[in-house]
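Shown next as structure tokens: one chain only, the form predicted alone.
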Amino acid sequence: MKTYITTAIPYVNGVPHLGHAEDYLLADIFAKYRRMQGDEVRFQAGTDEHGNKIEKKAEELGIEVKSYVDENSQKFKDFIAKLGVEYTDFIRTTDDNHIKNVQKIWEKLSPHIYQNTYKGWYCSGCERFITDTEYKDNNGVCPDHQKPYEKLEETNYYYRVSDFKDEIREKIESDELKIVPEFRKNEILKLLADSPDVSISRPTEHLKWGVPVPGDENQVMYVWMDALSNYITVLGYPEKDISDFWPASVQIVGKDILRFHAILWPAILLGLGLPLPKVLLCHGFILSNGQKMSKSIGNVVDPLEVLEKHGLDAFRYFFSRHIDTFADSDFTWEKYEDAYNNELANDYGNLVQRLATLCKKNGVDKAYLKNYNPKAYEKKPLNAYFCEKMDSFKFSDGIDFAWEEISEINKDLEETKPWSLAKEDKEAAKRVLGNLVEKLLEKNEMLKPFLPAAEKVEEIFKSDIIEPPKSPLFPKEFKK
């Protein structure tokens, strides 16, 4: 089976934040899980490098725009690597191939494109025009960027979303385009009812840093028209047949950009005669002490600081288990420390250390296990309940279940007390330890999509001689 997973491509006018990390982490968890199930996986990541915000930021810094985007695109690549994320394709919207192919896409969509003069409100932060209703509802200020909307009058090209609204509605209602979670689907259906045709270009007098509109040197493409196309240009469209991997198995986005992916993007695909993605997975925001992160409030959490605190496993553990896959969730340093010390270090790291130490002390090694309990080394299918959660993209539920299973092994260890049993019946103690190793190896499989340490744990118990780690996998750290 072939699986294609996409992540939203971030603007390079800022540094990577926890919202970006959530995109990459969820995609990587699913990619690793599907690879474990034998799928051939393509996994896209990239950077969005055109538009007003980028042009203005480079100008503020006194840097040539291309140098600015080159430097910042690399920051995102480095950040993704630090998260242990294994993508197959990385695209930049300034890539020559992308620019050439997105211009061909424009030409293919020309029957649905027209020119018109717009008078109204614009948000430079969202890079989109605002309806009068939104302007009134938000009291003239963008709720996401806390900036007043600008009054604009300009002649642009428009994409006739109205040509496809009925078809988009049918596909969403029937789950042919499945939006998860369900309440986001209902939000989109309401937005779709009032969705206007979309401006897809800007005059060069207002924006020069963009993909030129074919046949009109006075206009460049609106950044969303350019950016959304990356999901298929990275596969080679329209020059190549992309049917091996398109439609995407899942496209992962934050709730702030769902409307573009659930309305404009399907309209583009239908205009091209391409199928819609199978699933749009929409995750919520990561809050800081119960509030949305904001530079003005001063509560922004730097993901690199979190990574440096206890390492990659701690980061991936917290943000997959304690940050709900779909809902807004809260990060505090107290919660992070508690999860690291009392769950990751205690439940998992301590179990590995104790069990490996007992195995070595009582002569339980690979030769013994293969002779006494060959099942300990058999590859078993993943638990059906776990797979149901993972296949329905409920990743926080998936790791919750896996953790409950690990906790059960801890209970078994305490109840069977092989250290006491060994004093009376060494062989009985070895059998108990063999059974515990078998259970750990089986349950540990479920942690592999989430934690790099799961591979280390497997190595420990599948080595010829079971040696406990020389230092704890997760050294506890408590405040003094």
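Numbering starts at 1 and runs along the sequence shown. Just so we're clear, the structure is a prediction, and the values are computed from it rather than from any experiment.
From this point on, the text means the form predicted in complex with a small molecule, which you will not see here.
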item: Region of this chain that lies against the small molecule in the predicted bound form, out of 148 to 156, 198 to 206, 228 to 236, 164 to 172 [heavy atom, 4.5 Å]; value: 228 to 236
item: Of 211, 306, 352, 286, the one that lies within 4.5 Å of the small molecule in the predicted bound form (heavy atoms); value: 286
item: 358, 253, 242, 270 - the one with a heavy atom within 4.5 Å of the small molecule in the predicted bound form; value: 253
item: Residue 224: touches the small molecule in the predicted bound form, heavy atom cutoff 4.5 angstroms; value: yes
item: 4.5 angstroms heavy atom contact with the small molecule in the predicted bound form for residue 17; value: yes
item: 4.5 angstroms heavy atom contact with the small molecule in the predicted bound form for residue 461; value: no
item: 4.5 angstroms heavy atom contact with the small molecule in the predicted bound form for residue 316; value: no
